[in-house]
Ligand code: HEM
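First, one chain by itself in structure tokens, the form predicted on its own.
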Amino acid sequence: MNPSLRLSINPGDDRLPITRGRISDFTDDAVSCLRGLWARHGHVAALEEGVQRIYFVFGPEYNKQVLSDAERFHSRFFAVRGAKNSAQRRLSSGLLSMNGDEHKRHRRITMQPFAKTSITSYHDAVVHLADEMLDAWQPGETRNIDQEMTEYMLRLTSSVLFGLDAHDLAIEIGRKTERWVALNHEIGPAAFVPNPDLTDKYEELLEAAEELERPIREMLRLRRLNTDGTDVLSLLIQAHNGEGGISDDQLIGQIALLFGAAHLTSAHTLTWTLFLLSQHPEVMRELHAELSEQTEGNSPRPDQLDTLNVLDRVLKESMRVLPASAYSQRITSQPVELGPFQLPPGAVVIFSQFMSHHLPEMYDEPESFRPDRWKTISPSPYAYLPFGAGPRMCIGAALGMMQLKITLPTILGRYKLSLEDGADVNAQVMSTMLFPTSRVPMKISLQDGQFTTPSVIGNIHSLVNLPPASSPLRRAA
């Protein structure tokens, strides 16, 4: 826990599980704050500064209460909404900002482009873009794999959402959405704690929203001219037309949300998975053997995706121990009882994927990367929730998993990625996502099935247990 938060605790007030401290401690170092609140108070707690209070829940029981009750616990994904007629308001008006009947209707329609038949049709685009990325790599060079995965997912998300026939416009939307999302993440903490430095960026955010809205409107114009498209946007327009149509203003928010939710979460998941595999050669050998046997070093076919059991366990465990989304929040819409607290309307409630996935009561050796645990465990949707849970679970979960299950074997079938020896790897939760805050340098080699584990320094050791360089495990590698 942040030392300043420890010193601010009032140990004399034990009537409620409240820590009195600085709310900025949470926004500055979310993981340490979350761990400290759980260690002191258990499964429900509050952080209080003056008259401001944020509530926190940990574990499946309270996760279920908060995430299954969409009537009392509302979503507010974007902290900064902008003026009523602004581009920022339109862009932030997607599914994650909707509640009640409006959310139910739009979610039902929006799910149609993510049906299994639609997802299968994106297979070739994923393979094409993965091969395009790998064609630029050369054995012997070292690349920042986080940057590579971020750029790759930008291109992939743009293509899947908007199609390959308007490639330049799709990439423009992708890059401008990336900037807009980054500004929202940067300014978002000001919703918890006023910060003049962040507030000053408000005008920059409004400008970024206007710049993003222009190419989105042009893409919408093109897609309305072609009624037979198979990209997500075309299917979304077709689905809404079957329900009586939807205006461009309404679609703008859906597009921005879909891109923002898919791009960085998938990029970070790929980065963390490749990092964890580089540190666990015994797991990498098992995965390599499966891929060699079943895909022969090629990209998996659609019918193979559900047969790659080691790959499935590796991805599940990676998203458990280093989840791309570390926490999210809900806002109470009416008075509600939460453990010992009586919450008023408008109260902020934080639930944490990271903490839920690291509770010792739920997972044996929770800080360790052990994919084989998934041979015997089957946690509830509220104990393991990389894509959220309940009626607001991510609609793109199946598409996201398909992309991961194609991309990872495509990379590992062609190249061996080894972390640079002595690399300084660091991570931090910014807004709600677990970002690499340093380079993740990996040496590119032809895949030969021989795996070793270099040393690594950095605060990554505070998030996941890694075998020491002198351990028998590493000597055996």
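This structure is a prediction, so every number in the text was calculated from the model and none was measured. All residue numbers are counted from 1 along the displayed sequence.
Keep in mind that the form predicted together with the ligand is not shown, yet the notes after this line are about it.
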Item to check | Contact assignment for the ligand in the predicted complex, among H288, R90, R392, H357, heavy atom within 4.5 Å | outcome: R392
Checklist entry - With the ligand left out of view, which of M149, L277, L257, L236 would have a heavy atom within 4.5 Å of it in the predicted complex? => result L257
Next on the checklist: If the criterion is a non-hydrogen atom within 4.5 angstroms, does every one of G163, L220 and G229 touch the ligand in the predicted complex?
Outcome noted: no
Checklist entry - Would P300 show up as a contact with the ligand in the predicted complex if we use heavy atoms at 4.5 Å? => result no
Checklist entry - Looking in the predicted complex, any heavy atom of S318 within 4.5 Å of the ligand? => result no
Item to check | the ligand contact at R214 in the predicted complex, heavy atom, 4.5 Å | outcome: no
Next on the checklist: in the predicted complex, is there a heavy atom of the ligand that lies within 4.5 Å of any heavy atom of S328, even though the partner is absent here?
Outcome noted: yes
Checklist outcome for this item: Exactly one listed stretch (140-148, 300-308, 393-401, 178-186) reaches within 4.5 angstroms of the ligand in the predicted complex by non-hydrogen atoms, and it is 393-401
Item to check | Partner contacts for 419-437, taking the ligand in the predicted complex and a 4.5 Å heavy atom cut-off | outcome: none
